[in-house]
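Included below are structure tokens for two forms of one protein chain, each presented in isolation as structure 1 and structure 2.
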Structure 1
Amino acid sequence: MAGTLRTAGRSIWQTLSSIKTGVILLIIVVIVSAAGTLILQRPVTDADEMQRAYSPEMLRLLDAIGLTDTFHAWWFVLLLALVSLSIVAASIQRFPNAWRFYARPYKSPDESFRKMLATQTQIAIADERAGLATAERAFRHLGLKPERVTKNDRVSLFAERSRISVMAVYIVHASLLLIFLGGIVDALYGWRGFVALTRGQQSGQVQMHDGSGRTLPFAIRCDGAGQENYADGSPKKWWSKLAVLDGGQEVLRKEIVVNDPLVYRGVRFYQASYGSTGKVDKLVLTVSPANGQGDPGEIALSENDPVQLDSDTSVRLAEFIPDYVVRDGQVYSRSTEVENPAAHLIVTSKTTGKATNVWLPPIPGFEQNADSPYRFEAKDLRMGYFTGLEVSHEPGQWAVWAGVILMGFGLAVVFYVVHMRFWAVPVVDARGHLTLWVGGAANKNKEAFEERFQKLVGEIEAELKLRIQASARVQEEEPSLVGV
């Protein structure tokens, strides 16, 4: 029983760690993601459009299997988890070998290795010690640091560069897992929402994208917001002056713009939108008594905030219609844009209790402007604006960025850093001559390596020739000396 369990476990492990499984999983991810971009997705597309695009049965089917919200469906998350598992398994299975290779470099080549190696050559030498010393110099000339290795009384030379290249692939895989980890943390603990603030308003309530609310442990206040335009009228910049209030204390102030958020305790506030609330911030009016006695004055009205005109009379802004139209005996607003504004004022007398409807401009059938003890004239209109802030909390993003940097580093090493190894050992060849066996290996970019190897061999041969010539010259010169 335990045996079958173990074999089952082993076979699962083997399946999971094979490259084939990994590639099949990746192909499935590719197909499903492609489907997810072709089928309309739920939160982005509104329900009406979905119903227009698909038949009811089709929509029910798509909804049931989660294809209308592919990237958040449980099986998609499971798929990504399987991909991660496969990467982990494949890495774990191959890691020990790679690590052995990395930690214990193969330094003294034995006979079978010398036979197998693709890149090698033999150079005739006179004696072992001199030959090795020459090779050592040649290694140094090429910027290599040769190491003398003695094994079984045989001295050999070994040099290598960029051994890290062997491990780089694991760095890349680890970085991918780090990115996944960040994504999972954000999926579990991250959230996104929206706050709209008018000037002076403060709030700690975030409207979440799924419709629920969330209370922050601090509040955010808007001290001002605005828009700057280009000469052609298109928006150039949106800005908001924000202040953070924590425990009743103002702790942070920042003017944010698009692309430059405010961050406090891991919560980020982004400038997302800016627009008119459709409500009046200030309506400035000139007021003059209807009977012509007394000087005209100026008042500023906000909605439902009465202003005393004299001891008896007060006026309030009852209604502001940004884009009015009269239809069926009613005043409607066609839009929230200030296109065709109308203001409804109510002038009240305290003593008589009489209320007069004043309309600016006078709309026949509604206005009683003539009955009002004061005449009003609109001078200036300032609309209320809100700044829309996207709020997000992504505790996993640091893992993501760390993963990205690690991956950039890992890929650079994987593709552009070559692990090269060189060996030199004096051997006696088949015909009984003493030679210096020189061999090399590289894990990629074989041409460049080949070139370097030839250079090394050339260098050794040149040095040896110099020595032979030098010793030959000494031999030549000696007899002549004797001759004199």
Structure 2
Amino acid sequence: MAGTLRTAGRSIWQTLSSIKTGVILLIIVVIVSAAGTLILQRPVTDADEMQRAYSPEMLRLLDAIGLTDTFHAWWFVLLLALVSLSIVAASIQRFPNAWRFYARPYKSPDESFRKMLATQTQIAIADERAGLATAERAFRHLGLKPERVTKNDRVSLFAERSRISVMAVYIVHASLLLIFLGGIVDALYGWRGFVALTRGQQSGQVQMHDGSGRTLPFAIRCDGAGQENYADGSPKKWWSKLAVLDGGQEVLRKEIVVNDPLVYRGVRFYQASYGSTGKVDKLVLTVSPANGQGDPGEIALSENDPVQLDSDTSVRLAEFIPDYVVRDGQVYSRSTEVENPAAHLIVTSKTTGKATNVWLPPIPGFEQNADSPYRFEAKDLRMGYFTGLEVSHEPGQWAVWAGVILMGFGLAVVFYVVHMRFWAVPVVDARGHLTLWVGGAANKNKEAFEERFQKLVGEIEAELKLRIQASARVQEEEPSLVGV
């Protein structure tokens, strides 16, 4: 039994640590994430829009699978956890070898290593010490820091650059783990909701996608909202002026637009929608006495907010219908768009208690405009609008952004930083001549490495040539000095 468990555990570990497993899981994460951006998500999308976009059967299927709230679905959390485990397992299995290669680089090339190295050359020298000194100067001239290595009474040179490139893959692994950690934290502890506000309205309640509500520890107030359009009338930009009230005190103000949220205490408010409430914000009327005795005046009405016309008479806006139609003895609204508006006013006398129904425009069978002591004429109409705010709390975002930054650094190292190693050691070739063996290796970008290696060899040969010429001049000068 114990042997079976060990075998099963080893099989699971090998599967998790397999590169193939990690790649497959990463591909699945990418596909699912792409689906989560293409499929309408709750609660960001209005329920009516969801029903218009999908058939009832398809919507029920998407809800059941969790694709309408992909990034909070239990199976998505499980998928992220599996990918993270696979990355950890692969890193643990391969890291010891990589660390040995990083911490203890191979500095003294033996004969078998020299034979198998792809990039190498041999340069004839007359003296080991002079040859090494020449190579050392050439190394330094190319910006390398040579190190003299003594092994088995043999001295050699070793230099390298950008050893960090060896560990770049683990930087990328760490960045992926941070991103997935942030995703898991957001899925388990984060939430998304929606709040709609009209101008001057404040609220601390957020509607969740499941119909429940969440109470914020502060309130958000809308001080204004609007829409800017292109020349053809299509929406260009929505904006909202928001204020945060904490403990009854205004602590923050900001005008938000799409992709520029207001953030307070870890809660983000995004501009998500904007539209008409179908209600009047302000109806401006010209008012004049019906008997003609008096000058016309101007009043502004809001729904169910009475305005005093004189000491005995008041008027209030009882109802506003943006697109009215009369059917079956009733006045209905066909839509919330202001296409065929009608306003129902009630003029009340304090003395008689009589209420007169005034309709603008007059609707036969409903209006009593002739009985009103005042005549009304519409001058201006300002409709009420709401701003729709997507509200989210994503406590794992710090890990996601840290992972993104770390991944940028790791990928830059992976693609642009090359680990180069160079060796130089005096050896006796097959013909018994003393030579300086020079070799090199790189983990990527072989063309650039070959160019640098040839430059190094050229520098060494040039140094040796100068040394030989200097030695020849000395020998030529010696006879004349003897004669003197």
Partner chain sequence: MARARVEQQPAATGTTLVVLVGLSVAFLLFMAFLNVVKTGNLLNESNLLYAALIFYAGAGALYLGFGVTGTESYVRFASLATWAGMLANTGAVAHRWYEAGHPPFASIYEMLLSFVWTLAVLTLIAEKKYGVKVIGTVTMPVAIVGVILMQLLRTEVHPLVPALQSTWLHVHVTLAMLAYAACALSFALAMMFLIQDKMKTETFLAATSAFGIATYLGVLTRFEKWGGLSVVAWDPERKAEVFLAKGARLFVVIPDLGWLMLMVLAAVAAPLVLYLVSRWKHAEGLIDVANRVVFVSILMQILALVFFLLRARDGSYASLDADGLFPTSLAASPFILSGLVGSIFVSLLYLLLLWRRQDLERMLPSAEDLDRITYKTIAIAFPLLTLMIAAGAYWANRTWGSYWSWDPKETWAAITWLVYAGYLHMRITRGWRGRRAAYFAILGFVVVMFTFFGVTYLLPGLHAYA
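So that the term is clear: the rigid core is the largest set of C-alpha atoms that superpose within 1.5 Å between two forms. The first residue in the sequence of structure 1 is number 1, and each one after it adds one. If you're wondering where the values come from, they're calculated on a predicted model, not measured in any experiment.
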property	result
Form predicted together with its partner chain - which displayed structure it is	1
Cα displacement of Phe76 between structures 1 and 2 reaching 2 Å, rigid core superposed	yes
Exceeds or equals 2 Å, Cα of Met420 between structures 1 and 2, core fit	no
Yes/no, Pro361 Cα shift of 2 Å or more between structures 1 and 2 with rigid core fixed	no
Rigid core fit between structures 1 and 2: Cα deviation of Arg52 in angstrom	11.1
Shift in Å of the Val30 Cα between structures 1 and 2 [rigid core superposition]	6.9
